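Below you will find one chain, with nothing else, as structure tokens; this is the form predicted alone, and questions on how it binds or moves follow later.
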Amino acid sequence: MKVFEKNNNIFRILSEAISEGIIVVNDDQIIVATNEAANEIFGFEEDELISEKLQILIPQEYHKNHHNHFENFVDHSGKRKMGIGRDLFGIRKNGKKFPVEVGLNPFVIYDNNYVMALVSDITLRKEQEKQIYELNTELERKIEKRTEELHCTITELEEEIKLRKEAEAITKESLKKERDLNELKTKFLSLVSHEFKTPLSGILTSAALIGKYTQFEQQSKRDKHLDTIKNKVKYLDNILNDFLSIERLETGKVTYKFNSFPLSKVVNEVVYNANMLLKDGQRISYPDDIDDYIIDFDEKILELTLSNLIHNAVKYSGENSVVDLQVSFEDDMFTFKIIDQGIGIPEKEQEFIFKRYFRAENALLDQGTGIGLNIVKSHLENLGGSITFTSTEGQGSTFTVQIPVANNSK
């Protein structure tokens, strides 16, 4: 150990020139030399650590494992840092534990093995690392909070955008409805002007001509013009009834009256009235085997439905054509089919056929208001029924009506 004694100028010069603490131990982990820096780090006086066990500088809780670490180091000696991957601690003379960084350097002098430990007090660094960690943690917390606040803000903005879009959609829909309403008003005024003007002109003409036939033998001519007036008045009355039906449907004032009645009663009346409108060579094919059917439904609505469909079939079919009325009963539903050989409905316009005031391009020259099918559809749906159709332009149409039947027998 004389090589490490105080009066050894070589060790003293070398050790005191180094800022790190130097501790030299032998194979038995006995401290054989220290420098001034090491003494200051651990709080000992000069030479106070000489001949002490190395464990005096190691916290009690690490004593057990330290012996094995030291032997392992000696068996695999080489310059390296101690405690890579874990925190190391030393203990001062006053018992205070503090973090250290240790570099180990084995060497041999006069066939004796020694280990030199270069010790640095890293308390300040650890405090700074702790501060940096806390600052980073706080920064992450603030970032997380700001991110959450930003997310909430984005969510609120998205909700506001959604509400604005909904409001915009409602506004657009309102504007569209307003435009549609104005369009309907325009169509209505045009319709009323046209549909009322034509029959009124006929009534005035017939009324004027009647006055010219004053002779008794001209009674047949007077009767002809009286029939014209009656038909025109009836036509106007039907239009007014349609308009009243629309008003009642829109305001919810419509009421339905159910009663039991023979199906043939309504069918016979509808077909009889339609026969008065037939063109040359036209005929209506009457359904078979309906005399015994008793139906529980609103009689006026059924009559309105069949009259509208059969009159349309007659109006839009040519001379020498057949309008076929079919009736069947199945699964508590009556099914009516009105099949014609008329002008049909253009495919591009079929989706609008039940729209109020709509009239297909190929039907504009015929009299009509474009509200009959709309009224029929509304009544049937209110009563749990339905109306559908198939049509081919130039070949004809088939309208199918289904109504539920509460009471029937055959």
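The first residue of the sequence shown is number 1, and the count goes up from there. What you see is a predicted model; the values in this text were computed from it and never measured.
As for the form predicted together with adenosine-5'-diphosphate, it is not shown, yet the points below apply to it.
When contacts are defined as a non-hydrogen atom within 4.5 Å, all of 358, 363 and 369 contact adenosine-5'-diphosphate in the predicted bound form.
Residue heavy atoms within 4.5 Å of adenosine-5'-diphosphate in the predicted bound form occur in exactly one stretch of 340-348, 53-61, 33-41, 377-385, and that stretch is 340-348.
In terms of contact with adenosine-5'-diphosphate in the predicted bound form, the residue from 313, 100, 301, 263 that brings a heavy atom within 4.5 Å is 313.
The closest heavy atom approach of residue 49 to adenosine-5'-diphosphate in the predicted bound form falls outside 4.5 Å.
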